[in-house]
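Starting off, we have a lone chain in the form predicted alone, written out as structure tokens.
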């Protein structure tokens, strides 16, 4: 199978949408109320070394995916276990994303449409995108990111008359425990899930700047997350933000585009679904690559459909309603953080040791020079 490479710009777009898409849909955790922006900054501080670690793994294993990394670092048996665990985890994330976005679309517009119809539509589109390859996924993501910046600019402009800066206060009124709890939630979702991007490591050409891809996408995402948080807070107020199921959408409903559109929220709702399709496609590619390695199938695209059907079936059984979905999201860090940060940390340490042992020692002449 010929490798489908992805450009730096498109790789940034994929990562950016994986991070910001989930945040725009679900909003900030409200452990710290008005001080939740501090949770965002702490999550950013923690994600800097985590992003550097991910980038280093891509650097150590040029044009290889995370499943190759498992085999090289952990050996054959450890590689198989790591591949199984991360393939199942990728299916779980796919099912969660489908649940999140299908519930959103059902609540805001398709009230009488069965959940399975909406979920199947998201999965089938993501399957098509995954089967098209990483390069097509990158081009799609770049187009979506352009739409995102346009929508954010319009939303800021059209809600400007609704801003009430009194909603920013009282400031610095939350305990560090609550602020840090919000940071942990953000680390797990949306930041931690970018570990799935390591499954696309074989589509990044050697020397294409893995550090640039990870660090710029994380930094830009944080800036926009802060802007969106303050916008939503100034428009809705803390109590409304906490009670709103999807706060960014609720804030967008306050915007009117006069003679051009009656409401902007319909356009934004479709963007949310596009972002969900992008993240689902990344996770399906990861699960398909892991499954293909286990089954010794050369082209992962041949197993994308079965993996997609498994994700669809799981999405139908995960939660019965939106309340259960958000209850699970609150518990999600306990399941995800060991896989998102703990396992890659162990992988990185072993990889550094193995690669250090393979480096040739300098000759005596060079030492004397």
Partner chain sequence: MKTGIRLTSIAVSLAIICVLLTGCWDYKKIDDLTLVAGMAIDKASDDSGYKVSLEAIDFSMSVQENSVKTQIIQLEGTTIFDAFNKTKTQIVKELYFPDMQIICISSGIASDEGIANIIESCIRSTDIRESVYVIISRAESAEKIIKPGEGMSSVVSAEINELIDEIGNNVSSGKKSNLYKIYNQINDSADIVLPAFSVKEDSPVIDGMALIKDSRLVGYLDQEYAEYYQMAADILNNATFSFAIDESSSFNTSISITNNRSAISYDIKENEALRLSVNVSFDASVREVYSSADVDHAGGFEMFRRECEEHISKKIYELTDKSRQEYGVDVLGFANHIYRDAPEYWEQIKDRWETMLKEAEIFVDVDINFTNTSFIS
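Residue numbers count along the first chain shown, from 1. The model shown is predicted, which means the values in this text are computed figures rather than measured ones.
There is also a form predicted together with the partner chain; it is not shown, and the following applies to it.
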{"property": "Candidate from 254, 215, 292, 145 lying within 4.5 Å of the partner chain in the predicted bound form - any heavy atom", "result": "254"}
{"property": "Of 236, 283, 127, 188, the one that lies within 4.5 Å of the partner chain in the predicted bound form (heavy atoms)", "result": "236"}
{"property": "Listed range touching the partner chain, judged in the predicted bound form by heavy atoms within 4.5 Å, from 165 to 173, 69 to 77, 205 to 213, 293 to 301", "result": "165 to 173"}
{"property": "Close approach of residue 250 to the partner chain in the predicted bound form, 4.5 Å, heavy atom", "result": "yes"}
{"property": "Partner proximity in the predicted bound form: residue 107 to the partner chain, non-hydrogen atom cutoff 4.5 Å", "result": "yes"}
{"property": "The partner chain contact in the predicted bound form: residue 240, any heavy atom under 4.5 Å", "result": "yes"}
{"property": "Residue 64, heavy atom within 4.5 angstroms of the partner chain in the predicted bound form", "result": "no"}
